[in-house]
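The chain below stands alone, shown as structure tokens; this is the form predicted on its own.
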């Protein structure tokens, strides 16, 4: 049976799109995943929802991250009502700490442009920052507080999305690698896998770091997405050292309600190599120690890595390939897959079900890379 919508990739983006499509009335939805849904970069993330803390400037991408963050309260509440799983949305806010003269300059620049643009941001003295977070290093010089930047437990979020799919009859085909998109005329009609074909009336490509490995007909994908390894370490503490996410120019810490404290992360262009390294663990321990010396002295309880999907300009790839029908691309979210999942799902589902054309499909379309697609037959 041909699916109404065939989604390639079962990470947070693919799962969120499947849920949104189902809510809009799509009946036959199939997800094809090369491994197990939600166990690649989505699983390895830290769950930060911090567009303001991470933004050096405004623009269409920043606006998109804000809009998606603001969907999270309803997104989380709906998922809990639908599945019974609390995804751990923590709205305590996020700090940005400065430790050096250069840090202070960067902090002040971030504060000035966001304040001028009317975004909520608070400038705190070192004493004010340490009163809010008593375990913070005495070396903190200044801090920003972003009340609207939050965090979510990404693994609970994935569990809820998978359960939604299970409850609602969304078909998941796991451990199946897509080799190419089947193109007939100028229409994508399905995908080729090792043991045959899987057909769909519409196809969504949400394949993250593996996107460029898939052929479009006999041609290469007309844009490049490469994997960027990020490593995270975790400490487990009997008492909660921090109440808020703390972001710096070099890394971050994310406190979890179960006593874990996540420290991230690295940026490594090493291909599809997912191992963890002692060098990265040492670097991340230094980052933790800069934020709070008492944390840096703890024993590491866990570490892991994931492969972020990175396009040439670091921005998502959303929309269509010129001259190809029946295909919607939603990939290359890089460091923002968890953050952008609800908005990406909404605009892709609206496009497929209602014919809506969100500005993001123009701003972040694949044709901005201006590569020739070549023959698709």
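This structure is a prediction, so every number in the text was calculated from the model and none was measured. Positions refer to the first chain, counted from 1.
Keep in mind that the form predicted in complex with a small molecule is missing from the display, and what follows is about it.
Q. In the predicted complex, which of the stretches 56-64, 321-329, 347-355, 307-315 has residues with heavy atoms within 4.5 Å of the small molecule?
A. Contact criterion met by 307-315 only.
(Q) Test of understanding: in the predicted complex, would residue 28 fall inside 4.5 Å of the small molecule by heavy atoms? (A) Contact with the small molecule, no.
Q: Evaluate residue 5 for contact with the small molecule in the predicted complex, applying a 4.5 angstroms cut-off between non-hydrogen atoms, and reply yes or no.
A: Because no heavy atom of residue 5 falls inside 4.5 Å of the small molecule in the predicted complex, the answer is no.
Q. Should residue 190 be counted as a contact of the small molecule in the predicted complex, where contact means heavy atoms within 4.5 Å?
A. So residue 190 does not count as contacting the small molecule.
Q: Although the small molecule is absent from this view, report whether residue 18 comes within 4.5 Å of it in the predicted complex, heavy atoms only.
A: Residue 18 lies outside the contact set for the small molecule.
Q) Of the options 171, 177, 139, 92, which one has a non-hydrogen atom that comes within 4.5 Å of the small molecule in the predicted complex? A) Checked against the cut-off, the match is 177.
Q. Can you pick the one in 287, 198, 129, 232 that has a heavy atom within 4.5 Å of the small molecule in the predicted complex?
A. By the 4.5 Å criterion, the partner-contacting residue is 232.
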